[in-house]
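In structure tokens, one chain follows: the form predicted on its own.
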């Protein structure tokens, strides 16, 4: 009888230990590298959608989150043009704008998608960084407080493509102050930030990260060669009149590999995981070349263990034709073969 009691006691202890271990694993904070694995393949969404003015006018609908998930993607990078939705005197975000953001985040999480909250006011802040710094910091104070108990699947990206007047020296100050604000309420939240000069791969050495914060992912954007990826784009200066540029020679493919390898060497030297936050080729280019370029960038990034988020779902560079409710198959199949 005593032997049975001892056996039962041992079984109970073992089961309790296994349960505690399981709970601990479930509650463990994911590392930045683990988050990159979870993010996998993704897409940028709703930055230029009328949804932010009026939810009823949205092009992007709830069904599109499921379409993205079923289409083989794991992450949405939500581009937030927040400054125009902040009160100029109190710097508080508009309630309706926050309601729309909650709608987007909640529906993405329901589909088990990772969510990147990307502050996308890069053009405004690049022209007047000092003047807009209070708005920049106020935005992150509100986002951090609002999301302090959010799922680990919600990730912050401090600012898209710092550039021009927001140079390396200023960017170092800006992101550190924003990160300090975030860490007050989100000490282990995964945060994304990238180098100056439009998140350029060539400016990684200008990015000096705090060694004691290991919950950071570094992002780079890639659109080289611009003459191909931005031909015909109305905002791309002289390239608006360029057309007929193709892509896909062995030399061009090797150039991508070499560029990405230099990023990988930096990442390994600094022990930082990488997100390829934007890449793609504008819609005016030859479709076969665009698909080849997109596939080559995506596969090369994956080979190196990076996550990526394609630019973008709707608006331009599109991977999904909302008007006709179907994938742009050459681009979609390039991303998710």
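Treat the numbers as computed from the prediction; the structure is a model and nothing was measured. Numbering follows the first chain given and starts at 1.
Absent from the display: the form predicted together with beta-D-glucopyranose (BGC). The rest refers to it.
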Evaluate residue 215 for contact with beta-D-glucopyranose (BGC) in the predicted complex, applying a 4.5 angstroms cut-off between non-hydrogen atoms, and reply yes or no.
no
Is residue 190 one of the residues lying within 4.5 Å of beta-D-glucopyranose (BGC) in the predicted complex, judged by heavy atom distances?
no
So in the predicted complex, is beta-D-glucopyranose (BGC) close enough to residue 313 to count as touching (4.5 Å, heavy atoms)?
no
Contact of residue 219 with beta-D-glucopyranose (BGC) in the predicted complex (heavy atom, 4.5 Å)
no
Of the listed stretches (261-269, 222-230, 200-208, 237-245), which one has a non-hydrogen atom within 4.5 Å of beta-D-glucopyranose (BGC) in the predicted complex?
222-230
Are all three residues 65, 107 and 308 in contact with beta-D-glucopyranose (BGC) in the predicted complex, where contact means a non-hydrogen atom within 4.5 Å?
no
beta-D-glucopyranose (BGC) in the predicted complex - contacting residues of 118-145, heavy atom within 4.5 Å
120, 122
